[in-house]
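Here we start with a single chain on its own, the form predicted on its own, put down as structure tokens.
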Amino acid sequence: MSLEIRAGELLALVGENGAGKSSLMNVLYGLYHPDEGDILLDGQPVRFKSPRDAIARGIGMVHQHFMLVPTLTVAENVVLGREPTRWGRLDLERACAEVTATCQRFGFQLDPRARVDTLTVGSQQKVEIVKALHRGAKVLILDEPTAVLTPQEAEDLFRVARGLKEQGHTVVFISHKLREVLSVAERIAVMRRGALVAEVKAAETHVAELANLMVGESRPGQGTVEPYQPPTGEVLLEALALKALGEDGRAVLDGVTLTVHAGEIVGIAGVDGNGQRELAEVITGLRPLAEGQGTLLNRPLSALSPDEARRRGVSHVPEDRLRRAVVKDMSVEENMALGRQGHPPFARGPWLDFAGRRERTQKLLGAYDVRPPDPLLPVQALSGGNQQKVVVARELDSQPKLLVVVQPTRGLDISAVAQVHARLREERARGVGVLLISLDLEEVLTMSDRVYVLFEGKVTGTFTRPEFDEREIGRRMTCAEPAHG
């Protein structure tokens, strides 16, 4: 694998999950060491023993999974490892002033005194970018940088990237979002199975050509959108005036009322941090109800635990797979059995069925094209997109009655996105109710039969598919107006 990165350019690196994009950049950043070959920086060979060496030479990387200390403030995270001191102790005032100056220079709105674990995922992404820039990065590598950002935040990031280029910085985007890549990059490098297969100028290509280069075949279709039919299946979830509190005691859900019927996909649209995650946690038993009532699969929604939700027939693809969905040190097949380890084919009576677990796992790895298809590999050895495939495969394989999916295609390439969308439609066709929560409005509108819009923990609009209006839904995502429809 050989790649040339030029000074002062916006370069995109695209490819399927497991193509080697992140691995290549991890070599450049000093996290991985090459077995063969050389890294040339300004024409001179270099060998990075660690990220510290790469940072010292002006290379910064923002990872797909953030590397922040959640209990520290924004300023403390940004200056970590190069803290300003006074009398031998951290000079917090100076740290805040320095970080504020960096934020202002690059156009970020962040409170340097806010604890990272109180920030939305999108804001945490910004902290990672500010941290790299604060340390003097001249080459900034962004691994799936917009996977958790709203369209407005993504556009802000692109503005920052263009500004960095004007100042002589180099920005490398690792991304699966081809339209996004075409809008921001000047040059696009395409990887497939660990090798560079093409380099093209963004102005001279298009989405279909890039997709073809990535997967070696025509882009998967989006599937046929069936005519809208009002829901007639039984009510699987009925929520009435739900209220839930955040860690600070403030209401994060404030009077939410919604229903999900069997055989329909209900989408939740909203800017990140407006109660979507908390809604999923209430329905899956991860967060208690403060007020309100409802039924989940014909039984009360109150006093629900994750184990009880699963027993009733709820499957959950969470927003944060590493925190909520997998045990990264365990093997792929052990993760595939999580939550079902006491039932066939993963168990036989009171005993674990190792042969049955292996057989089912290998079948699912093939069906979902997980790469490499090795059931004994620790799940942390997989790329982020292949980890997501493992989670989606496990949750859909459990034959749920209600499927709660949050950001189900985050980090997936175009083939995998089309595959997951097809699987969700299959679940709907067999009578499963699907609650789809995504920050990608295009995904919500493509997949959903009905959409609820959340703003500041309240429902500000409900729409059926014939009523979908992207501009109106976008407006409801940013202002609290009474629900209609």
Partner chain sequence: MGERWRAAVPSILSVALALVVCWIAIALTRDTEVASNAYLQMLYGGIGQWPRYLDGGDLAVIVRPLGEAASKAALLILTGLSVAVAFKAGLFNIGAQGQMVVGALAAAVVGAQLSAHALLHLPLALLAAAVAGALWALIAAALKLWRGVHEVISTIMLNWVAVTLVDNWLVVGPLRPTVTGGHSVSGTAEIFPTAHLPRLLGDISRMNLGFPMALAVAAFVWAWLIRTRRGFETRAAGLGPEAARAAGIPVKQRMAEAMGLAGALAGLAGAVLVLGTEFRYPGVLGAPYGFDGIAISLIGNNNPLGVTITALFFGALRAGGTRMQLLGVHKSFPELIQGLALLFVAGRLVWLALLRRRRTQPASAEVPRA
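Quick caveat: nothing in here was measured; it's all calculated off a predicted structure. Numbering follows the first chain given and starts at 1.
Although it is not shown, the form predicted together with the partner chain is what the next lines describe.
Among the residues Ala208, Met330, Val197, Ala101, the one placing a heavy atom within 4.5 Å of the partner chain in the model of the complex is Met330. The contact with the partner chain in the model of the complex, taken as any heavy atom within 4.5 Å, belongs to Pro306 out of Gly233, Pro306, Pro300, Gly255. The partner is not drawn, yet in the model of the complex one stretch among 263-271, 160-168, 352-360, 235-243 has residues with heavy atoms inside 4.5 Å of the partner chain: 352-360. When the partner chain is considered in the model of the complex, Gly342 lines it closely, a heavy atom lying within 4.5 Å. Using a 4.5 angstroms limit between non-hydrogen atoms, Arg310 touches the partner chain in the model of the complex. Interface residue remark: Leu338 is counted as part of the site for the partner chain in the model of the complex, having a heavy atom within 4.5 Å. Ala325 belongs to the set of residues with a heavy atom inside 4.5 Å of the partner chain in the model of the complex.
Highlighted residues His33, Leu286 and Glu334: every one comes within 4.5 Å of the partner chain in the model of the complex, counting any heavy atom.
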